[in-house]
Ligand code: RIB
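Take a look at this one chain, the form predicted on its own, written out in structure tokens.
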Amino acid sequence: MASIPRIAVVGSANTDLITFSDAFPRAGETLFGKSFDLGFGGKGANQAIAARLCGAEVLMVAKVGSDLFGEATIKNFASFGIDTTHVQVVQGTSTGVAPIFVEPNGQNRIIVVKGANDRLLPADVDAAASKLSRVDTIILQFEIPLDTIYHTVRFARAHNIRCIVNPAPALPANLPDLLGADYFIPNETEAELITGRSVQTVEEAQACAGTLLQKGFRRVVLTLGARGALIADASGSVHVLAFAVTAVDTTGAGDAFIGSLAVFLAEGVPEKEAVARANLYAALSTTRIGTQKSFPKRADFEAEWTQRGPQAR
């Protein structure tokens, strides 16, 4: 490796409130859950932690509230060695929270209350410009204001920095303002909502990716859960298979994919192998409960890759 990748995440930071239950209550019904867990989350924060665990130097640009969750979030970033210079506390505002409900099969339902995340503005990106201009990759998601995302995409393009846009959760965004991204990476649900096309099969995923390319995106990666991922650009598409694991909690798997992929690409790993590696990293994250604490360290990942990865190259 020539140098340590430098990754910046401009995005959200939440506190995850995770409830495990055998069933979900109907309207007016109260049920007892099996267990509860509290952890740090937010798509931006998760992606930053994944990138850091994979060996990158990571800069986080975010906002948290003036509450216990905000203070703890900053300490959590610092404990991983993430640069928190541009994680600001917004007085009188709550930190973002995400109540998460997990079924026995590992599937989840999430309600996000954005709180201070909604106060992350283009001016905050400009305030971090001196550090952002020195990174290899900037990662964005849709849990912060869209104007801030558009502004950061333009910043990345102006400074010739690789830019990854993860449109999660899917919102009615102005797609032309996102076309400067090097990688546009939605999952099946997000791709369906953005394009209006079904993504139930690999063939449908190829057609959906084609629609996104026609809209002007230069490179699209569709994450397909247990079916792996699809890479598409003007030259065609490649389906990269998933790795079989016994999933207990899929929360944060998409963020594990994004954060790890950013690192592998920044290290110069060929694109198909980088996506295969990210598939495995994300799959391994589903074998443990939680979000950030389920992400494997780089050494543990490499041990798994040595055993299982060559077949995917």
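Small disclaimer: the values here were computed from a predicted structure and weren't measured. Note that residue numbering begins at 1 and tracks the sequence as displayed.
The form predicted in complex with alpha-D-ribofuranose (RIB) exists for this protein as well; it is not shown, and the discussion that follows is about that form.
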Region of this chain that lies against alpha-D-ribofuranose (RIB) in the predicted bound form, out of 269-277, 22-30, 252-260, 54-62 [heavy atom, 4.5 Å]: 252-260
Within 4.5 Å of alpha-D-ribofuranose (RIB) in the predicted bound form, heavy atoms considered, which of 194, 199, 100, 132? 100
Between the options 72, 112, 179, 89, which residue brings a heavy atom to within 4.5 Å of alpha-D-ribofuranose (RIB) in the predicted bound form? 112
Sequence-ordered residues of 36-54 touching alpha-D-ribofuranose (RIB) in the predicted bound form, heavy atom within 4.5 Å: 41, 42, 43, 46
